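Have a look below at one chain only, the form predicted alone, in structure tokens format.
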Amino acid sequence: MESSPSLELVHLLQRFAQASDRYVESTGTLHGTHRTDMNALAVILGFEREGSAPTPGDLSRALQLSAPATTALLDRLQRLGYIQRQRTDKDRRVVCITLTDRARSDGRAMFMPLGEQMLKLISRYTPEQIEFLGEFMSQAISGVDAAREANESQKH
């Protein structure tokens, strides 16, 4: 099969995803967490950046886990001291998940080396190039999500 710059870029993106997976796996092993635990913490942090806290259902959808698997995940994260389950003031039946100070502290320890490497790399680019790369990555994420959704629609 003949190679092209576009195909090479796709291969590099695959290798980046695999390298990221290896980092999460090794960091999780070092800190006694599962890959799903690490992904859940990232999802919760993402919700917090948006100004909200996820419910167990939000986590279940984001991580594509069953309700029992989500409950087991939340129990594990709570035992580790990484999350709190809190009932909302508006509707006491609704439980929201928040990160603890320990999760933030351990998260910094887990991901500071990766963040520092990425910032060092990014600093070599101009603001315009960074904006372009950010737009590309955002569209690449949308592309992956669209491919996943297409796969899921074939199941039904």
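In this text, residue numbers run from 1 along the sequence as written. Computed from a predicted model, the values in this text were never measured in an experiment.
Keep in mind the form predicted together with a further copy of the same chain is missing from the figure; the text below concerns it.
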Open item on the list: Even though the partner isn't displayed, in the model of the complex is A67 close enough to a further copy of the same chain, meaning a heavy atom within 4.5 Å?
Closed with: no
Open item on the list: Using a 4.5 angstroms cut-off on non-hydrogen atoms, would R124 count as touching a further copy of the same chain in the model of the complex?
Closed with: yes
TODO: Find out whether any non-hydrogen atom of R35 is located within 4.5 angstroms of a further copy of the same chain in the model of the complex, and reply yes or no.
DONE: yes
Task: N39: touches a further copy of the same chain in the model of the complex, heavy atom cutoff 4.5 angstroms - done: yes
Task: Partner contacts in the model of the complex for 24-47 (non-hydrogen atom within 4.5 angstroms of a further copy of the same chain) - done: E25, S26, T27, L30, R35, N39, A42, V43
